[in-house]
Ligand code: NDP
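Single chain ahead, written as structure tokens, the form predicted on its own.
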Amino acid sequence: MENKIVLITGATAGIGEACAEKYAANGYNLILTGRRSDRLEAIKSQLETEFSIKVLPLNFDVQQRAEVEESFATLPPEWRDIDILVNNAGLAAGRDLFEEADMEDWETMLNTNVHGLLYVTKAIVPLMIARKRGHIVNMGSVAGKEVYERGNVYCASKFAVDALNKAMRIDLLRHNIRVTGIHPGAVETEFAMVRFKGDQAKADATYTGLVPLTASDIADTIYYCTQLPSHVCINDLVITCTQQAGTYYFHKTQ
């Protein structure tokens, strides 16, 4: 029996990289996308050696529609039977009050978290429709369930993802395609460093006094959702660390 194929966007670090390792360890061949070609090649080499699976690295930015469309239009035939799509690529940029925020940060978040997800999914869905099966996992956030101060457009982008989860699930129902929304709380990855633009002190403070989720926690959750019987679909899953309840409430020990 041939290995199944999973496509993971934003696979060069954090949750995306953890998902790549989880699926590789369970015998999946991987299509991995990311902006850092050196990281993609390093992950490809590591996973192929360790797990004896195949990896196809695709180096592009999901914000660039033409790059996305070209990359998937030219997929080799042996890589077109994609069983699972994990739309993981996303980011937060800045944490400012609405009137003080940087318009470029807003555009980057919307172009990555919303447009990028749409570009990739629109390119892959026809391949799933042709086979009458597939599973799409969209990475949301607790910020897509509850708005918090200084979250403004990041929250808006994740609320959009939440709406798209529902819309895809309805529109793709007749094609037997499952859609799962995963909404993590605090996960210790590069997320905070990116959000605070390399300010280590602010990034560290995000997790001070917490035992946050790890990238592997989320990868394990995603993997579980995609391994259920074909008649079962987890539509929506919110996951936080024990010390978090929603976007605002934390019980920090210091």
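All residue numbers are counted from 1 along the displayed sequence. Owing to the predicted nature of the structure, the values given are computational and were not obtained by experimental measurement.
Heads up, the form predicted together with the ligand isn't pictured, but that's what we're talking about next.
S.K.: So in the predicted bound form, is the ligand close enough to G181 to count as touching (4.5 Å, heavy atoms)?
M.R.: Because no heavy atom of G181 falls inside 4.5 Å of the ligand in the predicted bound form, the answer is no.
S.K.: Heavy atoms within 4.5 Å of the ligand in the predicted bound form: does L30 have any?
M.R.: Contact with the ligand, no.
S.K.: With a 4.5 Å heavy atom cut-off, would you call V62 a contact of the ligand in the predicted bound form?
M.R.: Although the ligand is absent here, V62 would touch it in the predicted bound form, with heavy atoms inside 4.5 Å.
S.K.: With heavy atoms only and a cut-off of 4.5 Å, decide whether T112 touches the ligand in the predicted bound form.
M.R.: Because a heavy atom of T112 falls inside 4.5 Å of the ligand in the predicted bound form, the answer is yes.
S.K.: For the spot marked by A13, G140 and V187, is every residue within 4.5 Å of the ligand in the predicted bound form through some heavy atom?
M.R.: Looking in the predicted bound form, the three residues A13, G140 and V187 all sit within 4.5 Å of the ligand (heavy atoms).
S.K.: I need to confirm a contact call. Of A156, L118, L91, I124, which residue comes within 4.5 Å of the ligand in the predicted bound form, counting heavy atoms only?
M.R.: The residue in contact is L91.
S.K.: If we take heavy atoms and a 4.5 Å cut-off, which stretch out of 44-52, 223-231, 197-205, 30-38 is in contact with the ligand in the predicted bound form?
M.R.: Every other range fails; the passing one is 30-38.
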